[in-house]
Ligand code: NAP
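Taking the form predicted on its own, here's one chain by itself in structure tokens.
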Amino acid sequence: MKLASYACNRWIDAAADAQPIPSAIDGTTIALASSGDVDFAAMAAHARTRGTRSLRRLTFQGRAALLKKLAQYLSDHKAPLYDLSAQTGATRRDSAIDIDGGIGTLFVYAGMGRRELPDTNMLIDGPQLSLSRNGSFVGRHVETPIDGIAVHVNAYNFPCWGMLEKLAPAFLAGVPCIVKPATQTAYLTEAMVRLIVASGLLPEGALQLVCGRLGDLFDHMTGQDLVSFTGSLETSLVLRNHPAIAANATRFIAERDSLNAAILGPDVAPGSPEFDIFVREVVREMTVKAGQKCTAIRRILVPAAQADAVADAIVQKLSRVVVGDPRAEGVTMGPLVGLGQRDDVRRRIDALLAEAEIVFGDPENPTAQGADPAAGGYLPPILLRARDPKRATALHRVEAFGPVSTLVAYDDLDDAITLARRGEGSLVATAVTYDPAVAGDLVFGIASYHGRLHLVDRDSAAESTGHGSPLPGLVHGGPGRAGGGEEMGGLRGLHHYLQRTALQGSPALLSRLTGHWNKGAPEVTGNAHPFRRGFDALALGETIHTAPRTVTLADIEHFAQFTGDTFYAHMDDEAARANPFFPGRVAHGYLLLSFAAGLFVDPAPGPVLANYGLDSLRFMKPVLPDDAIAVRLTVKQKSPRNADYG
């Protein structure tokens, strides 16, 4: 099939110079790709005009609702993607990580948006800041969507998840995306984008696709745009140093080379649960996606005393791995993405062999169940062992992007920390130990070199999501060699696409602009009680002031006996006076809160459904017997949850 790019609201077929894309299974041509007929200037302009305009008509809540609908649609139509995914070399398990994992990321971001984001186009960052004596001039930080486009340049190993994990936060932030998948597996990305377009859910210009080269797209980048890249360090440097990117200070997020480590604690011995957990984790990360994961374990750091035992245990498990056509019965690991990738991995193994020896696997003589091993990208798992870990350098800078990992013996925990740091920045490291002191030393020693630390032991292993699984709620990225980026991380992922700005003005003006009532802004009084008014009818700043209620000593004593809270500050006057915070017996904070509810609640049935809690509740000043309290209740912000309530 000829892959098409999706630009300016239409599909553009591959140009006459289209290049063949081979199957990972047998090398036959799966598709042809070329973006030679794409007008990249028009594509960028379409995103800036139609895409930006259509997305900004929606609020954070509106975009979150669309993400959920899209995730549901893709879940219902994903079956054909699995057959196509096999041609990338992916087993059924591998495909689930890519396809269902990507759709799951959409669901997670949709849920976070509905729960945590306002029904506006502006986020508030931090509290109001008083800038004047009487409070008539205040400040507040806000975040708004950048007025540009996001170009997502993705790697070949996750054609679905790689696109969706970047699309989700960008779309939720309100920024249109141009997606450029790696050509080797672009046919799977194109198939998913066709589903997205067919759903009719995304606004015009919100998503465009390039199957082929990026042409002169970067020439049209501005300081309001963003590039998010996943791939090699070398390509990252080329893109980051593009004249337009450099001149305009275009935002650039990179997720690139990462020599991730797994560290076995010095407290772990053969036969312990942690030993088995460690071996299982290493083997899984070597073989899932045939090791073609940016989060795969490349360096296996183990105590010197346990190196032989670890090697034997890993070899035993690797010997049961069946390599072959991922569609064939019994195959547990598919091929690399193609012959070119296999050749690249072999060259990198040769570089590592200058410092290591092969413990398991023969890279030059692969076998393949149900397939011709010479026709596809077949390679067995390769376990290496460093001969002189202290002098080795290649194992800390050469990444063989396949089922390849190197066993490295360390002398003590300080040595393990030093070796892990020599990766110069990684996406993730796993530490397996049952000793909290060991875990603490490792975290403090290597955290600044890693985006994520996966700490696992017998207590967490059963529910652990695994070393190599980036999760939408956690940061995916890492410092140094890994690129310095932070994709996802929950709502942190949105902040790449937002501009933080300090606003200064009157409380009234900032309340109107932000959709959040600020102290000092006018109050709206005189309407019916807020409990009598529906969600849509309530206005920001709408306020009631209640009549006062006197708190008596009898109230305090009754509350103490009724609840069992007989803390001395409420019951013993002499002890309370000895407390530096109290002048004598004081009312319980929770008694005051309960009395407050009694003062402002309208008890009859009406629009109010439930009180689901209070944020940042503090008891700031003691209330003594015979003091009076009153309540001011103000509508500060409104957040709809669905069509029925908010």
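Since we're looking at a predicted model, the values are computed, not measured. All residue numbers are counted from 1 along the displayed sequence.
Not pictured, yet referred to below: the form predicted in complex with this ligand.
Using a 4.5 angstroms heavy atom cutoff to this ligand in the predicted bound form, none of K68, A198 and Q208 count as contacting. Residue contact with this ligand in the predicted bound form: V238 places a heavy atom within 4.5 Å of it. Proximity of N121 to this ligand in the predicted bound form: non-hydrogen atoms within 4.5 Å are absent; the residue sits far from the partner. Among heavy atoms of L214, some come within 4.5 Å of this ligand in the predicted bound form. Contact annotation: P530 falls outside 4.5 Å of this ligand in the predicted bound form, judged by heavy atom distances. None of D225, E285, D257, D98 but one reaches within 4.5 angstroms of this ligand in the predicted bound form through a heavy atom, and that residue is D257. Checking V404, C294, L407, I263 against this ligand in the predicted bound form, a heavy atom within 4.5 Å turns up for just one residue: C294. Of the candidate stretches 522-530, 151-159, 318-326, 86-94, only 151-159 contains residues with a heavy atom within 4.5 Å of this ligand in the predicted bound form. Applying a 4.5 Å heavy atom cutoff to this ligand in the predicted bound form picks out Y156, N157, K180, P181, A182 from 156-182, in order along the sequence.
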